[in-house]
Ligand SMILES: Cc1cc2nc3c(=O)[nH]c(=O)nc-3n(C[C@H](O)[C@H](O)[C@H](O)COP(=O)(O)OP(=O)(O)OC[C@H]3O[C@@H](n4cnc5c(N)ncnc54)[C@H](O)[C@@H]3O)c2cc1C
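Below you will find one chain, with nothing else, as C-alpha cells; this is the form predicted on its own, and questions on how it binds or moves follow later.
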C-alpha cells in the first residue's frame, strides 16, 4: 500500500500495523475461505492477534491500538480512521470483514428515525448489548435498486404488527439478534406507505431463515441470508418512528447509509490496491517474458492505475473529513461511492487481463478479487443510483 500525505502520523502507524497483521493472518487464508465459505478454524487466535482493540463500523474509538504509544496520539478523526482501517483490512483480503465485531446498523436506524421513547429504550449500553448484532432487510427477490417496490406487508392487529413477505441478500440475517425490516402498510401509497420495523428473530413467531448464506459470485464467506415472514408477529411499538406521524421509514432509514458509503468505497479501494500490488510483484518476477515495448506499456498502465486509485482515495477521505467536521457530505459520499468501486473494479479486471492465463488461475488471488470487488458498486446504492442522487443534489431536486 502506498504511503500518502492524507493521514496523520499515528494513523499511518495504525494502517501499517493492520497491514502487517493482515498479511500474516488474513491473506494466507483467502483462498481457503473463498472455497469453504467458512471462517478459519483458528479465527479466535487471528482475532486475538489483531492490533485493533475495539471497532465500530462508522465510529472508531481513538484508543484503537494495543500499546501506549497509540493512545492519545496524532490520529485523524473517527471517520477518516474508520476508512483507513477498512482499506487496510480489505487490502489483505475481504474476508477480514468477518474479524470485526458485528454491525451496528440497527442502532443507526433507530438514531435516524426512532422516537425519543424508542431511543431511550434501545440505545442505552445495556439495551444494545441485549439486542446484539444487527441486520438490514430491504432487498427482495423482485427488486434491487428501487426500494419503492417493497412488497413485504405489515398490517396492524390490536397491539401488534403482522409481517408477511420475503427478503434476500440480508447481511448477517441468519445470525443477527435484531433486524430492521422494511414493509409497506399500503402498496398504493408507494414510498409513503413503507415503514421500518425492529424484529428480534428469537422473539418473533413466523420468522424463518430460508437460506443461511446465498451462493454468490464473490465475498462468498460473507453471510447474506434469505428470510421469510409468515404472519410474523411483533409488538406495536416496534414500528420505528411515530406510527401517527409522517412516514420517514424508508428515506429516513436510508439516509443513515450516507455514513457507511465512504467505508464501503474504502473496502473496494483496498481490494483494487491489493490487486495492483500483486500484479506489480508478479510482473517484477516475470518481466523477462515480455518484450521491451510491452514492459514500457505495462509500466505506463501501472502508473495510470495508481493515479486512478489515488484519486478515488482522496474522494473517500474528503467525504470522511467532512463527516468528522460535522459538515454536510451527502454529495461527497455519493461521489466516493460512485468513483472508488468502479475504479477498483477496472483495476482488478485489467490486472487479470495483463496476467493472461495466469490471471484466471486459482493459483493467484487476482481472479478472486475480481469476483469480490463487483458487489461494492452495487450494494448500498449502485453507481447509477448515486449519479442520480448527485444530480439531484446539484440541481436542488427533491429538497
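What you see is a predicted model; the values in this text were computed from it and never measured. Residue numbers count along the first chain shown, from 1.
Keep in mind that the form predicted together with the ligand is missing from the display, and what follows is about it.
With the partner omitted here, the stretch from 216-224, 295-303, 152-160, 321-329 that lies within 4.5 Å of the ligand by heavy atoms in the predicted bound form is 216-224. In the predicted bound form, the ligand sits within 4.5 Å of a heavy atom belonging to residue 137. The ligand in the predicted bound form is not approached by residue 258, whose heavy atoms all lie more than 4.5 angstroms from it. Although the partner is absent here, residue 16 is not a contact residue: none of its heavy atoms lies within 4.5 angstroms of the ligand in the predicted bound form.
Residue contact check for residue 389: none of its heavy atoms lie within 4.5 Å of the ligand in the predicted bound form. Site annotation in the predicted bound form: the residue of 171, 178, 184, 308 reaching within 4.5 Å of the ligand with a heavy atom is 171. Applying a 4.5 Å heavy atom cutoff to the ligand in the predicted bound form picks out 375, 378, 379, 380, 382, 384, 385, 388 from 356-388, in order along the sequence.
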